[in-house]
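One chain follows as structure tokens, the form predicted on its own.
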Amino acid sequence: MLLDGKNALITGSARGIGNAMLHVFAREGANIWAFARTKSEAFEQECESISKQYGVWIKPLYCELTDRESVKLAFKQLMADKQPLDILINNAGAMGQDKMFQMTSEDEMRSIFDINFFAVIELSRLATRLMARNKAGAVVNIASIAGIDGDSRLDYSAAKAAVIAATRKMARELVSVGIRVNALAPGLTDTDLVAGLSEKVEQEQLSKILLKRKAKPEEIANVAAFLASDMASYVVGQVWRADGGILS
């Protein structure tokens, strides 16, 4: 198993790609702190079921990622377990409104940056302080091909581009304490985040993809599991595209 005995923190684990990661990382032997925004009996039952299926522990933790005090409280709960933190997956995010940049307000931009960028930075600060104690760890920031190609809405593309730039800087700083930082840039993926795309936009995007389909969330989760594992020990500061084959 790729992640046997590792302890991972996955944000946005209640739905979409994050939920797929919950299943895939547990399947690969990881114990998980499953961060979610809202407490849900169904989610807690799902965590318990996955835990029993794969013989790992999964602990749901709830916080609002744009609220620093809420995040710090969740980390205190995590630290109370007195377990090493080996992996951080910064997955939670939002796409915002489908608007032209001329129609996007500054408040809307700030809201998207708060969850897609500033929350990533704050979580990474807290998590890598713990990892540095053991001089080992892996951080995978979930970016997007929009942050590379700039072909999505302005606020989302800009925030994901910021994540990519931060990933490279973090990788340079943290490699000296044994922490690898990489970004994963998914393309069009079958989640509720892209469900709001118009038929026209979706077809335009599909026409660029060699595989001519959306990614399954599990396919993205599989790449994240590899990047987080010791199998990727020589991968540092990279942005891995998982886009079904989009050629320039």
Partner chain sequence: MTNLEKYVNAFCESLEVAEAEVASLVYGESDAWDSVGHMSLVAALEDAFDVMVDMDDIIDLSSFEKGKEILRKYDVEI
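Predicted model, so just to flag it, every value in this text is computed and none were measured. Residue numbers count along the first chain shown, from 1.
Just so it is clear, the following notes concern the form predicted in complex with its partner chain, a form of the same protein that is not shown.
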Of the listed stretches (158-166, 136-144, 112-120, 79-87), which one has a non-hydrogen atom within 4.5 Å of its partner chain in the model of the complex? 79-87
The listed residue (Lys208, Lys216, Arg37, Arg68) that reaches within 4.5 Å of its partner chain in the model of the complex by any heavy atom is Arg68
Which residue, Ala94, Ala132, Leu154, Ile148, has a heavy atom that falls within 4.5 Å of its partner chain in the model of the complex? Ala132
If you check in the model of the complex, is Glu106 within 4.5 Å of its partner chain, heavy atoms only? no
Which residues from 209-227 come close to its partner chain in the model of the complex, meaning a heavy atom within 4.5 Å? none
